[in-house]
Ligand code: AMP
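Below sits a lone chain in structure tokens, taken as the form predicted on its own.
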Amino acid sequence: MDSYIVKPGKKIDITDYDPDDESQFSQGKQAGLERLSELTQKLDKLQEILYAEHKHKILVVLQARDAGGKDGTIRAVLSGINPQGVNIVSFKVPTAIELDHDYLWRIHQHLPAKGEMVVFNRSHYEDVLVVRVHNLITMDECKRRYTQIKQFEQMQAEEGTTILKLFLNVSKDEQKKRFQERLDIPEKNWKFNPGDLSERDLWPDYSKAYEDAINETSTSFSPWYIIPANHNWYRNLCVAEILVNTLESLDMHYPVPTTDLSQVVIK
């Protein structure tokens, strides 16, 4: 998955990343789904060791445009994991209490503890995306926040948190298709928000905001991945590969018993 990492210091143009790309798995959808099944089983075992060892902390940041597939990714990749030790946090519009604090206050409360994996469905990056596009902060304030976010993430990394930031890159045509499905399929009507259409009109502004945020905050300790997201199976496969590869790299082990279990007799 290294081809999808934004290297620190490299300035990317987001339009150079093809949302239809399937180049890292050439065997097709059916084989990809079989591989995904293997990976989710590995992920289940690795997460169990993560929880048991009680040493590492994992933070996964999922960002995407509306209908980009954040919920679907979470369901497909994490559905087989024991929910003990895994938390999914969705960040909505800040509450009145949250607005009375700095923008990172509500984030800090949900960071992973030792042995935990936390997935952010949207995140602190909303505070350099939505607020920028809607001119709720100036560009100077936005640039200051890039620096603050990098410092915040560096502190978490130095305290033992492994951070993965995934931008699910969907095309405008694919977003239109998914919005239409929400209108056409009764079971999906609840997901349709007319306000999403006004956000869609701001597509170029969001493209620039994402591009700048990624360029300014992809670091060695908290890299961004730009994941092709037009094809659900490929998106899910990429995310699963990244999670498994990352957890395997931590060289985790079940803790050694503190007593000699060979002498234990259960009567």
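Numbering starts at 1 and runs along the sequence shown. In this text the structure is predicted, and so the values were computed from the model without any measurement.
The same protein also exists as the form predicted in complex with the ligand; that form is not shown, yet it is the one meant from here on.
The ligand is not shown here, but in the predicted bound form it comes within 4.5 Å of a heavy atom of residue 130. Contact check for residue 91: a heavy atom falls within 4.5 Å of the ligand in the predicted bound form. A residue is said to contact a partner when one of its heavy atoms sits within 4.5 Å of a partner heavy atom; residue 178 fails this definition for the ligand in the predicted bound form, lying far away. Proximity of residue 153 to the ligand in the predicted bound form: non-hydrogen atoms within 4.5 Å are absent; the residue sits far from the partner. For the three marked residues, 106, 122 and 126, a heavy atom of each sits within 4.5 Å of the ligand in the predicted bound form. Residues of just one listed stretch (160-168, 108-116, 91-99, 78-86) have heavy atoms within 4.5 Å of the ligand in the predicted bound form: 91-99.
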